[in-house]
Ligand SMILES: Nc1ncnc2c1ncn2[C@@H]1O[C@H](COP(=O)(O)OP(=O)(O)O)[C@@H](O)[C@H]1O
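One chain comes next, on its own, written out as C-alpha cells in the form predicted on its own.
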Amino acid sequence: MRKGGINWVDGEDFFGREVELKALEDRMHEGIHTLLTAQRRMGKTSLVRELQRRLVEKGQLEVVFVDLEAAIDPADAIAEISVRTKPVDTAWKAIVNSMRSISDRIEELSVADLKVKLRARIDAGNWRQRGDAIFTALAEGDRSVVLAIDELPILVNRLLRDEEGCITPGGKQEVDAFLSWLRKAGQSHRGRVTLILSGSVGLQPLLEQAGLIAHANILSPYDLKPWSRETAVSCLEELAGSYGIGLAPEVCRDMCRRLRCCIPHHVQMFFDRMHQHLQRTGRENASLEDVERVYVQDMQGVSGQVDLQHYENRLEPVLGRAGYAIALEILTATAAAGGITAETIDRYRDWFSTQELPRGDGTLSVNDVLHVLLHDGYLEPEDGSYRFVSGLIEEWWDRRYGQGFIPAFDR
C-alpha cells in the first residue's frame, strides 16, 4: 500500500470504504442519481474512481468520469463531458461522426485537441442540443452508464457570482438553465444514465443561497463520513508495514487522537510526515514523543500550511467577500475559545447587521454562513454550542488567527 499524497487513489491503495462502495454500487444498479456529500479531503473522488474501476472490472456498467473544475460556462462543461465519453463506444462514435466535417483524421486527435475543436462548435445557442445528443448516445449503448461529474459546485459558484463575490441575476439565470437541462436529461434517461455528483464545496448550500434548491430534487444525498478511529489505526498499521517502519498501537491511537476527526487525507498526511521524520533521524520505530514532535512541527508547521490553507482558500469563492468576513470571524472565535456558544453567534448576528458589507443579490447572513460551515464540515453542534470537527484544523486556525484575538463586537 502506497501513500496517498494529494491525488485520488484506487485499487490496492484504496482503503477502508467497503460499506460505502457497496451502498453506492447498489444505487448505481438501481439508477438512483446521487449527490455525494462530505467535508473536504474525505476521499470523495477516490471513492468514485474506485467505484467505477470495480464496475468496469465486473463488466456490468459503463463508466464516464468528468471533472468540471476548469469549466467556465455550460458550453465548456458540455465539451468536457463530450471528450470524456470515450470509454463508451456508442457515445464516442456519435461524437467522432459529428466531427467528420472538420477532419478525416479525427480519431488521431488527442483529447485536448478534440476538446478545442468541439468547444469551437458549442456556444450559448446550442449547448443544450449538444448535451442532449450526448445523453442520448450514452443511453443507447448495450449497457447502462454511470456518469460521474466532479466539481459541479465549482462551476455553479463560478457562474453565480460576480467579481465582488455577489450572486447576480444573470448568474442565477445561467445556473438555472444549466441545472434545468441536467435535471431533465437525468430524468429522461433514468435507468440508462445514472448521475453521481460530487465536489470540494457543497452544492446544496449554493443552490439555497440562489433560491434554486429545487434543481437538487432528483439527487439522493449520500453523506461520506470520516473514518472511525479503528479504521484509521488499521490504515496506519498497513502503511507502516508497507514502508518497513514501526508504529506501535499506542502510537497509532495517539496520532488519531490528535487529529480527532480521522479524515483519510489527514491520516495519510500524518503518516507521510512521520515516515519522513524517521528517515531523517535514521530510525525505524516511532515513539509517542515523535508523535508530539511531528504533529506540532510538521503537521502544524510550515510544511503542513499548504494543505491546510485549502480549507481557508475555498471559503471566499463560495461565500463572497462579505460571507468570507463573517466566516473568518466565526471560525477564529471558535478556534480561540475551543468552541462558540449560541449567545456569541447572536452577538455576531447583531453586530454584522450594523456593518456596511458588500451587498448584492444573495448576500449571506450569519445564519447562511453558519449553515455552510456546518454543511461543509468545518463546525459541528455540541451541547448548544459549536466546535471544529477536526482537531488538526482547529489548532492550525488558532495558531494562524487566534493569538490575541478579540471578537469584532468588542474591538
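Because the structure is predicted, anything quoted here is derived from the model rather than measured. Sequential numbering from 1, following the sequence displayed.
Beyond what is shown, the protein has a form predicted together with this ligand; the following relates to that form.
Stretch-level contact check against this ligand in the predicted bound form with heavy atoms at 4.5 Å: of 36-44, 342-350, 381-389, 56-64, the positive one is 36-44. In the predicted bound form, none of the heavy atoms of residue 25 sits within 4.5 Å of a heavy atom of this ligand. Residue 409 falls outside the set of residues with a heavy atom inside 4.5 Å of this ligand in the predicted bound form. Interface residue remark: residue 277 is not counted as part of the site for this ligand in the predicted bound form, having no heavy atom within 4.5 Å. Although the partner is absent here, residue 268 lies within 4.5 Å of this ligand in the predicted bound form, judged by heavy atoms. Listed residues 135, 227, 178, 92 were compared with this ligand in the predicted bound form; 227 is the one with a heavy atom within 4.5 Å.
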